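Only one chain comes next, encoded as structure tokens, the form predicted alone.
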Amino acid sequence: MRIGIIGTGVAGSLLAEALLDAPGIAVTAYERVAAGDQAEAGTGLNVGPNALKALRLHMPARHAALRAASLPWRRWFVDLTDGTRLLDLDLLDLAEEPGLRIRWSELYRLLRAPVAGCTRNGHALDALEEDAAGRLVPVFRTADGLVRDGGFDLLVGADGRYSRLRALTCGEPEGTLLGVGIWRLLVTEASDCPYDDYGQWFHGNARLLSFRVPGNAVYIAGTFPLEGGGQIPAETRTEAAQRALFTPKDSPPCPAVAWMLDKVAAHLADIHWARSATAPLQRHDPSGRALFLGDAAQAMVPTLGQGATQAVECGVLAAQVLRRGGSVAEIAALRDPRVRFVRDFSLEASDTLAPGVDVVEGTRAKASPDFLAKLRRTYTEVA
């Protein structure tokens, strides 16, 4: 069986590595960026305990490598921006092991290195054709022009929420904007940072999220309501607007928030701005010749840190099905109910980002038995 993997992000790299020694399977991976180019991966992320469980069960060497290159994610605390504590969870009360905190660039380096020998860099999917046997033939745009690499029994789209393979085989998905703006920043000189593990700070429905990552760096993200779900206004992308969003009305910000706002002011030009959105779940095309993994299949809100985490589950578990000769339909049966649960729960957990929701009441509800049971299920129910 000849398998082509479009994209060597989280799911694509893990799938390729897990299939390298599979009898009867030949794997070629294609990546649009040049070898070693991680310029698009400038910030940090947290990966949930469920991803680490999937790796521990099925790819222990990769589990060990990621653990060695990251910081543990054990706490999740929520404060108001004046420092009032609303929630403080220990993940080990809910999971079998902690999650992790890491830079995107380091994550990509660790995942792509084992599959460098089967990866063709500088290949951007441009079009699809079909050979005489009815197999899909990808057409790639490269520095030397358009190239073809023969037909594949299965093409895997692991090329992100704007998947070209999904668009070519199923049409462009209609995304749903959630009426929330989001920005991200990696502060690379952070020896004076007054906090460590994963924290959130609310002022009304505007929220800061931040944590340390290796290399004396700190990842910071801000979210804020957008009227009508429209574009982010230019006046919002200013130091004054961001300070107003996150500064308490009747008191100074707590030291953590004050530190973050000063870093935003100093690095405003480095911030990446976006709008939070989801896309419909799509696991494969109607013919079963194209399989979608990670964000290409299931773009979701980032509230519970399950975007990259579910991509890990996708890559690891799809490989187990394919290794035993299973089909894309079997992968869908294994993954889709799990993904639907996590997507719905992540949306539920995003309630405090919506205008008009009481942040104090909504956050304290996350200590309820019902919410914690769903969080435990998220962190432990890995196939």
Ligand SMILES: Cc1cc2nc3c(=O)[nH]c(=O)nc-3n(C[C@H](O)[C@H](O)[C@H](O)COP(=O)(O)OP(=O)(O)OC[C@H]3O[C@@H](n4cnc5c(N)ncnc54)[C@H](O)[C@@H]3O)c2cc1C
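Everything numeric here is computed off the predicted structure, so don't read it as measured data. Each residue number is its position in the shown sequence, starting from 1.
There is also a form predicted together with this ligand; it is not shown, and the following applies to it.
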Using heavy atoms and a 4.5 Å cut-off, decide whether Tyr195, Ala206 and Val360 all contact this ligand in the model of the complex.
no
As a check of understanding, the residue in Arg164, Arg75, Lys263, Arg135 with any heavy atom within 4.5 Å of this ligand in the model of the complex should be identified as Arg164
Which of these residues, Thr43, Gln320, Thr28, Ser346, gets a heavy atom within 4.5 Å of this ligand in the model of the complex?
Thr43
Using the partner position in the model of the complex, report whether Tyr219 sits within 4.5 Å of this ligand, counting heavy atoms only.
yes
Touches this ligand in the model of the complex: Trp259 (any heavy atom, 4.5 Å)
no
Can you check whether Gly179 is within 4.5 Å of this ligand in the model of the complex, heavy atom basis?
no
Is there any non-hydrogen atom of Pro225 lying within 4.5 Å of this ligand in the model of the complex?
no
Proximity to this ligand in the model of the complex (heavy atom, within 4.5 Å), stretch among 91 to 99, 239 to 247, 293 to 301, 142 to 150
293 to 301
Scan 315 to 354 and note down the residues that get a heavy atom within 4.5 Å of this ligand in the model of the complex; none is a fine answer too.
none
